[in-house]
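Just the one chain here, laid out as structure tokens, in the form predicted on its own.
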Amino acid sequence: MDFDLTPDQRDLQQRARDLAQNVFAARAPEIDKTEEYPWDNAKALNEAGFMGMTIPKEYGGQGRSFLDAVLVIEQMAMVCGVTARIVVESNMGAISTVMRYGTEEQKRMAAEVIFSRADKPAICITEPEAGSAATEMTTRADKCGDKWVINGKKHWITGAGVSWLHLIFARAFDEDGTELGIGGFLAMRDETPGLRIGNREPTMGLRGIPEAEVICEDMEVPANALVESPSGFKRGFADLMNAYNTQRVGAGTIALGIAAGAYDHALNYALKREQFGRPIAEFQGLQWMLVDMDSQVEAARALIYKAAASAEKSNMGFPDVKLAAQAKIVASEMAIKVTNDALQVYGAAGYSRRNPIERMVRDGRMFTIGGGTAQILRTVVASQILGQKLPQTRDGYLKLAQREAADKASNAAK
């Protein structure tokens, strides 16, 4: 696959790099220190055309590809992981779901919110007792005439308290109490009755964007707030979750950018820092570390770009499930290794909060957890590469064992 960028993509990448390096880099330490959401950065991103890039032109967007968005996200993450997350959320995840499965009214409303408010929509899936096992969610949506009444608590919701538009997943029930399946419902902060923001988590990294509870207490949304795939409730959750592959690629890209930024810092420091009368870059041990860091970043970048580009060939318009999961696994685990090695190159100076490497180590640690843990994503990949080659249930194993025993008995009797 050819990843040579077009002139337009190179221009996009350069514009993103200029904004990141000239404006956002200086702001990043203060964002981390104050733990306040960078509204100025969000506004600047919106004015630069980096929010809602993937929204089709008929709804006010640029109709850009997910690979285009990845190019911007990577540049932002090299200096500020929080700002990169804003780009992800305004181009992937919840907005991807709405643009693929929403009604015309829902699409126009979601796009208008992003462009008029510089909003990063929040996708609300995780619950206190339903993290990786998302289908065990207990948030409940009951159909009541021409509205849905939703009750439940979501946890670890990125942007809760600053996001305006929310896509809330809940287990839906018909008016007679029949369970229909899991659906996604659109709700607006400060406008939807019964929607409130709960406690915020004091996080290790990415401190400028809140991770908090979203609480639904007899929250009422109109019937047309339901985002429904053509498969209806039967396969609707699986279809809606396909849009989450974009989020995984976005998360992996932030990890990639953080690692690439940390590597650049380490390389420049190694060339300038002198010990024993010469730059430490001349010592073979550090050279090997730098080579490994560079190689790991390049490998992760290739996977991320491939995963993002796969959406162009998909009938669904989303990145391939397997590629998205693999890209996030590799990029997130690489980011932990590379940022820690970068800190090691700096030595004691890297351990200081005056140095951006310390922040990058903390920020990069998030991505083997959020958006699908590395362990769960390995299970996703296994299901793709093994397919029907393995029995999926205990009964399946028993039937397979019985069949093998019968075959052996038949062969012995011959």
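The first residue of the sequence shown is number 1, and the count goes up from there. Note that the structure is a prediction, hence the values are computed from the model and not measured.
Below: the form predicted in complex with a small molecule, not depicted.
Of the listed positions (Gly198, Pro279, Gly317, Gly131), a single one reaches within 4.5 angstroms of the small molecule by any non-hydrogen atom in the predicted complex, namely Gly131. Only one of Ala342, Ile125, Ile150, Ala300 lies close to the small molecule in the predicted complex, with a heavy atom inside 4.5 Å, and it is Ile125.
In short, of 156 to 164, 187 to 195, 109 to 117, 265 to 273 it is 156 to 164 that has heavy atoms within 4.5 Å of the small molecule in the predicted complex. For Ser352, no non-hydrogen atom is located within 4.5 Å of the small molecule in the predicted complex, even though that partner is not displayed. Looking at Gly52, you'd find every heavy atom of it more than 4.5 angstroms from the small molecule in the predicted complex. Residue contact with the small molecule in the predicted complex: Glu211 places a heavy atom within 4.5 Å of it. In the predicted complex, none of the heavy atoms of Ser65 sits within 4.5 Å of a heavy atom of the small molecule.
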